[in-house]
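We've got the same protein chain twice here, in two forms, each standing alone as structure tokens: structure 1 and structure 2.
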Structure 1
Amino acid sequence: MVRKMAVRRGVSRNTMIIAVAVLVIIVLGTAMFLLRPGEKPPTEQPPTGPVYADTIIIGTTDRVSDLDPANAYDFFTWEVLTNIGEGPFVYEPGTIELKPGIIESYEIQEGGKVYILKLRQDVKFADGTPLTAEILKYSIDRVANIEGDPSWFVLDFVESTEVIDDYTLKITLFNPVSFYPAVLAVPTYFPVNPDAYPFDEITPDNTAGSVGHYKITTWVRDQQLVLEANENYYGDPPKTPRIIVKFYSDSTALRLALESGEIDIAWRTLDPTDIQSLQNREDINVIEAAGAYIRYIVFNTNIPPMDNPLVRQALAAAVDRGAIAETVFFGTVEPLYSLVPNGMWSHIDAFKDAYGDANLELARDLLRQAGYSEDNKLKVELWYTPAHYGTTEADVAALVKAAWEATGLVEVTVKSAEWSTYLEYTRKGQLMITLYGWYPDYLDPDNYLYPFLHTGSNRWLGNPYSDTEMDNWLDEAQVATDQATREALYQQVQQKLAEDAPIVPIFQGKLYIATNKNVKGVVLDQMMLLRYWLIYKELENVNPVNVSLMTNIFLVIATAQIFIATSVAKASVLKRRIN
């Protein structure tokens, strides 16, 4: 043992140096190999005309819930379903106009109670199975049978479905519903293949898909979703044959992925600050569109002092919508003065007409009328929930408080509760003032008014607001088939809403999507769904020198660091005596 050591002693220093050198070379070699840029060098391109990418990668912070129309009831999953399926009606992209989808034509009979749908004969599933009326009936009945989250789209309206012939389906409703075509456009009504979707079971990871532009080829939950063109689709093939969706944990990660070129499109949801600073980048396009998402304050009219209309009106007058939109959201939302969103038919700026915005004078007058003064301030409790509506929510609550306290006659205590507690206490009617938000189920003013103002249906808000006149107008508007009549009714409702002020709208979300500047064909509308089949990306000559230059710079730095590290190690390990 000792002998062996002694023999080695003479060469060991050199051996060590050689060993270190070899190690450095190995590390460098591995580093060079691993760190080489992931993008392949651009292949030789024909000199004429633009070339389009065959793959587009979309990043999102949303999650897919159930890939099954019978239980999917959230925006992102609806978006995926819309790209792999199609219902009897579809929205013309970029508008909120409905047009026939998988149907050739339709007929409305018995004053709106019966819908006769005539299917196109060239519709096929991804596996080649042709679509028949029998299958569509199966799909609709399946939704009703499973009773999943969105089943009310069927259960609340449809009395029966009946196959007339191979390509004709008759749907009978309980009552005439003026907006039923909009309901027929939701993914819940998408046909599914009976071979892949059992009649009484939800299949949350089903990749069999439907009759849409794409089919699913790879699905790793919460990691990635790969869609490829469905060659059996009856219409034009999609502009980009392959779409990959990657899932990120938050806005920061999403933004970093876009900036690093890992994804081509950053889709919901980027934080307002990220949108603002991405707008300043030359290599990134930020596209803005109106959203159908609204936020509002709910007053519990049961709890004093909120039972006093003067108090509610005063607080409604004092809210500073502009400050919230500009300060918290950098203008990525727009102030809203009615529950019906801006840009939707029948919308009127009811609250603006009645109170203006941040109208402190009016608020003070109303509060004095109600008997409050500087010495006898109105004391209210404002509740918010920290995580559910995003990281900005605490700031929204702080600004509402600031605006009300600016009157000098109000004292606001801000409190927060975690989402489940928040919901439970709200429902029990224990929270005085709460902040809530609403995503529409279908695009019709009815969906923005009825659940909030009709007696009984606003129980979820813990808000006992009830008014016979209001109920009558809402019921009438639901069955009226004449658009002008409905519009007049809804405007009356909105005026009355502003007068009674049980709910105060604050703002309406805008939609933002940030893309690599070569990405074209992004169409956004109030449906808030991205149509993948319209998107395409122009390829340009990426200068490969640029990337490898960066790599070289990095490698020089890495080498330097490794040498410093090894020499420090050598200095301390080799040169020092062990005491």
Structure 2
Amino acid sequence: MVRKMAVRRGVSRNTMIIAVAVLVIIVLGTAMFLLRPGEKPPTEQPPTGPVYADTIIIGTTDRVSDLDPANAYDFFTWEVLTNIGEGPFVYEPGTIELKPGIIESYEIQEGGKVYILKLRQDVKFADGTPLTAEILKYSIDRVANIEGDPSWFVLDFVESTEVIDDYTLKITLFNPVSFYPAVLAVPTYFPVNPDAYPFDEITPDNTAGSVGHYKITTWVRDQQLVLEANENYYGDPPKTPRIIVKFYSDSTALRLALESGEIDIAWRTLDPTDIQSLQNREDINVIEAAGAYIRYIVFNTNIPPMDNPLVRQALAAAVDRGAIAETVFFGTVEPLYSLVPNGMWSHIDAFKDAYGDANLELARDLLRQAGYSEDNKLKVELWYTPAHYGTTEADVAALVKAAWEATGLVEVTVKSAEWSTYLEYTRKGQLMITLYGWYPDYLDPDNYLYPFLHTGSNRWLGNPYSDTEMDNWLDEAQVATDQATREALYQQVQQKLAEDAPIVPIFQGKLYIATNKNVKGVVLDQMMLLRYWLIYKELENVNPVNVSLMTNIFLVIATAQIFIATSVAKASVLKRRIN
């Protein structure tokens, strides 16, 4: 009986696969007939201007973590959320200037402690539900209630929220904060539909979205994401109605997909050698983004021996930033000696002043003070994630290991985990030493210091560090209105950061994006989030009807591929269970 069941399931699986294959053949056959040279639909009129593709395909090696704004706190997921959602404020593309988003106006009262937000009355979710002040309040309060990774944007600032009328929300802060409008622009403040997002539960694969330019129509984790224009969006429609994001295992596969025409855009992350290769091709544009992103090493001070400041200082002194910048990245990044980026006001080279670079002699001295020797080596675990930051991560980890072991007093075990697992382990505070990167939430020194060093606000890193004096300085700097005062406080913070060394900056980088020559409208500014709604692709001498037809053909094939893969996987699971 068991064998008969297995055979039936096998036949069923084969039948599904054959049916899908036949469907694809029919579609392709129809396409070949309709696209025969010289034949046009009777009602077609010759195009009078440029013809634009209705679909653009973006390839990436990055991954989506949580599609829920209450827990999402990584670069690429925020990029997706920015394209399907919008907050009270938005950045004018290509600038760092803020402008109203889902609000038509606002008032600041009580010296900056109270914000009165007047919502636009034509904002709707993708399902047609109107946005009200009550829904925005629900969304903000939900973030605070769930206490996910980015909840500090609400918990550390907001004392209360109050509905004044259907389209007016009052937000009262604990203290006036000069840059709070920039905080209101982050995805954590995007409204969500209460019917789709429970108040006390994170929904990581929720595709309901928010009130942005696009809506999600297909989501297969780590395989494909399809965005369609949100017909209920209050503003101008996207330049391209459909965006498909395809996920690749590594930089090489991403580059080959671009070169073969499988994708239109390669984004996050190409290796330095791939960038150099693509820069020499006439059919591809390589665009360089502003360099406001940083990389660093996190020491979890809750795990021995990282609770010993002498150990952290020794490892900080031994890091060879120059070797990483030149050997791994061929000079496309620059050494960094503070969490505040080079060029941003208040930046000082705190770690260079304290330790120099690749200072093995100092490192050995500090390790000996901590009780280590050639016969009693310091043993540590260094973790990295292999794809999220590109396939260079193994090389970065190898050079960090080599620098530490060059002291003769350290033994390093290198381990890795895929992004979702890496995040989970980090959030739980289980990893001793990790490699991480940071992309700005808002362009202020506060954003490069407070989320890392303030007690509780660094929960997204597993709460690796806490210091009362540091907390006080960071709190003072947030509410100070005079920039000179803030700058002095932030320099104190950076000096103490170098002294305590819970987090060690290693380099500051640029982002690169490579596109097909016909792709236009790519805007990369200091926020470094790709706005899909601005991008379009020009087509030359192409029948517009056929463009739409071929796009639908592609979607049928892509859907069939996913269906087949899913069916085979399910069948395999059933077979294993039966056997």
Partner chain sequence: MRTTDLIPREFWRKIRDAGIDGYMVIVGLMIVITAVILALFAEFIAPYDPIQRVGPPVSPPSTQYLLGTDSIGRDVLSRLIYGTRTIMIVILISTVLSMSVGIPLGLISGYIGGKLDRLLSLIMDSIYAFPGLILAIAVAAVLGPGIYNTSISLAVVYIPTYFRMIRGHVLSLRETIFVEAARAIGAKDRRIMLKYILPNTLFIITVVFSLNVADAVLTEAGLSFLGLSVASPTPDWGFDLKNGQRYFLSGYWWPVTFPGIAIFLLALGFGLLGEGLNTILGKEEI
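Predicted model only: the values in this text are computed from it and were never measured. So that the term is clear: the rigid core is the largest set of C-alpha atoms that superpose within 1.5 Å between two forms. Residue numbering: structure 1 sequence, from 1.
- Shown as structure 2 is the form predicted alone, with the alternative form given as structure 1.
- Of the listed residues K113, E393, G509, L98, only G509 lies at a hinge between rigid parts moving between structures 1 and 2; the rest are more than 12 positions from any hinge.
- Each of the two rigid parts keeps its shape between structures 1 and 2, while the smaller one turns against the larger by 36°, per C-alpha superposition.
- Core superposition places the Cα of V333 3.0 Å apart between structures 1 and 2.
- Per-residue C-alpha deviation between structures 1 and 2, core superposed: A398, 9.5 Å.
- In this core superposition, W345 moves its Cα by 5.7 Å between structures 1 and 2.
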